[in-house]
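There is one chain below, alone, in structure tokens, taken in the form predicted on its own.
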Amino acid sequence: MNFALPLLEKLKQEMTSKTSEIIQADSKMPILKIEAKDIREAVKKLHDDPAFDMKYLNCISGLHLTQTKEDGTLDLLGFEVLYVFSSARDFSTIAVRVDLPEKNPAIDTIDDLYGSANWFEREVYDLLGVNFINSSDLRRIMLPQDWEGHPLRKDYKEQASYNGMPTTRPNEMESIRIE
């Protein structure tokens, strides 16, 4: 049985902005898509309202959305940020999805509501370049501070070297390639 779906429907109804939509209902993890401006309201309800009791933040992940055109080039469509929450009370899980624009992707931080959010937000920032507004500590977490670019962006061009060290390795499979 999916305990979380009625909760997600309740959250959708309680949102100030009525543009939210349930985009995955028939799953053990239903997903509510909301606007970026509504993230703090939604997360605060999930965290503070006893009806939801979502005290555990499983993860925040990001994805660079693209579409391949007929000529093989990529259309850059923006970013998706997905927040996954769980309740220890009934083991329900809810995901909240936010789409961000391609240019200057930014969303409010939730690290004051969930302390662990800062680590997740830093990873999404480091690898995708999503800015978490008012973060308590938004800086790279995986790459050096002077690294150029965000490697999980589909349009990322890898540098040949970093501080004199090569950033790529030869492909060992090339030597045994059969044509």
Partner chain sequence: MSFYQELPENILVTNIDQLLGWGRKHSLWYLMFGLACCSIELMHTGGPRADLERFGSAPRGTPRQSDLIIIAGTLTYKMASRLKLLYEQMAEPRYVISMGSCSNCGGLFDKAYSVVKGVDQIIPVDVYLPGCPPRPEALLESLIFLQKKIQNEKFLRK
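This structure is a prediction, so every number in the text was calculated from the model and none was measured. Residue numbers count along the first chain shown, from 1.
Beyond what is shown, the protein has a form predicted in complex with its partner chain; the following relates to that form.
Using a 4.5 angstroms heavy atom cutoff to its partner chain in the predicted bound form, none of 31, 52 and 56 count as contacting. In the predicted bound form, its partner chain lies within 4.5 Å of some heavy atom of residue 151. At a distance threshold of 4.5 angstroms between non-hydrogen atoms, residue 127 is in contact with its partner chain in the predicted bound form.
Heavy atoms of residue 147 reach within 4.5 Å of its partner chain in the predicted bound form, making it an interface residue. Residue contact with its partner chain in the predicted bound form: residue 36 places no heavy atom within 4.5 Å of it. Of the candidate stretches 109-117, 64-72, 42-50, 137-145, only 137-145 has residues whose heavy atoms lie within 4.5 Å of its partner chain in the predicted bound form. Contacts to its partner chain in the predicted bound form (heavy atom within 4.5 Å) from stretch 156-175: 156, 158, 162, 165, 166, 167, 168, 169.
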